[in-house]
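Shown here is one chain on its own, the form predicted alone, set out as structure tokens.
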């Protein structure tokens, strides 16, 4: 009997608000332990939470970005559990009436489009962080109370690779929408995996195994690559899987059982008595809707459709929003958007990368911390975007050769001079005078009896050697296409 995996993901995302969910403490990473706390986020007796409207706005915006419904009634609930990093001994979250529900994410997978349904994206609070030392443990509550959005998928994912691609697509959407910085090294995105197996062709779900607190997308993929075969091996051997929670050990590459799984009633949910339900108005929702942006996949598809770009180029502009925003106005003005894309990706981006790598090295040697590095961006370029369009035009008009255009770009990048000025200053204009090139071709033919004989014997590639000789004689200024035409005519005559 063959088995298949059924996977659902619970993705926890810290929102990039300035303050925490219920108080005015800073939502900022990296402060000394327990310095960004107050009686509210420490859960001291007598305090009252006040919802962060920006967090509510960003959660609702996420709902729109994930094609969700936005209910006109939502509420917060207390989820009771006792962990050292939960100062109140309960978490404020949303249970049966979340802020958003019933959406989906579309993404590219295995040459087509895949869709994973979203059960809900609801708002809650993060907990503190435990630290374990040789002889004792400590808790840093700076993170306690940070706005945390939980995005719950339906069990529509069927493989480790599909889970990985879904998570990356979800991260791209959140970054585009500006709702989270999604820095996984800072714990801003974490994931719980729910996975079961069942015989192929059946509909009944198997026992759900949860793998907790994955802190990297590659870790999720590796955990599933281990856990799915493990579960299949158990059931094929006649064993029985029970609903439980496991942890992923990234070092050994295995999952280990932590406890049998709690059920919803174990958390004793009840409505938060200190907060009114949420009832967004038409006006408030309309303001949030104005913040909706073009989704990453839609952007890629549009760039392919409107500018006739190959998929890899469109993917580059999808992944690098600033670079895509630089390219698009130029593409709209150009008769050859593909040529513009080539210069933006292969020259401009490459030059910026090279420059910034050098700047990183130099600044690091001076003892400057990575967070304080001053790097060059598109806004810092010495030439205006129109100059790149001018350069493309000079190549298209055959005023300069591709080789000369590389020289012009390097000078333009370094000095900010216009392409036309650089061409004139360095004498880089391409020679397209037929008479002058004919003389150069005659010289090349006379000086190259070997390639001439090879070409006349049917070796077409020998023409390149003759063209190269012409370019050498002209110091790179001859129009190579015209030189090729004249050489062919003379050798066939």
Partner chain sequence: MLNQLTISELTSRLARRDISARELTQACLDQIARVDGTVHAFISHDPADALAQADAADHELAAGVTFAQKPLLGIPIAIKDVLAVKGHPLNCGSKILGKFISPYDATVIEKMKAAGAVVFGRLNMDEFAMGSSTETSAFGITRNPWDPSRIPGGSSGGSAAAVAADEAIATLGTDTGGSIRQPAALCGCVGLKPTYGRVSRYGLTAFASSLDQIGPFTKNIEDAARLLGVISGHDPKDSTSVAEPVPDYVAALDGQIRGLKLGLPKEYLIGGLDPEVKAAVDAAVKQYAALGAEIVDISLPHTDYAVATYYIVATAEASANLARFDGIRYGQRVDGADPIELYTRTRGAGFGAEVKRRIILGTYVLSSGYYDAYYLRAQKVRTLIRNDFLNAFKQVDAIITPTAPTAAFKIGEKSGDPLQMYLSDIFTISCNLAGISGISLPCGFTRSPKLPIGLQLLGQPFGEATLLKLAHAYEQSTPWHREKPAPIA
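Numbering follows the first chain given and starts at 1. Worth saying up front: this structure is predicted, and the values here are computed from it rather than measured.
This next part talks about the form predicted in complex with the partner chain, which is not shown.
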One stretch from 25 to 33, 46 to 54, 452 to 460, 431 to 439 that, in the predicted bound form, holds residues within 4.5 Å of the partner chain by heavy atom: 46 to 54
Exercise: residue 73 in contact with the partner chain in the predicted bound form, heavy atom 4.5 Å: no
Touches the partner chain in the predicted bound form: residue 266 (any heavy atom, 4.5 Å): yes
Interface membership of residue 311, the partner chain in the predicted bound form, 4.5 Å heavy atom rule: no
Any non-hydrogen atom of residue 83 within 4.5 angstroms of the partner chain in the predicted bound form: yes
In the predicted bound form, the residue from 274, 181, 328, 140 that sits within 4.5 Å of the partner chain by heavy atoms: 274
Heavy atom within 4.5 Å of the partner chain in the predicted bound form - the one residue of 190, 88, 318, 246 that qualifies: 88
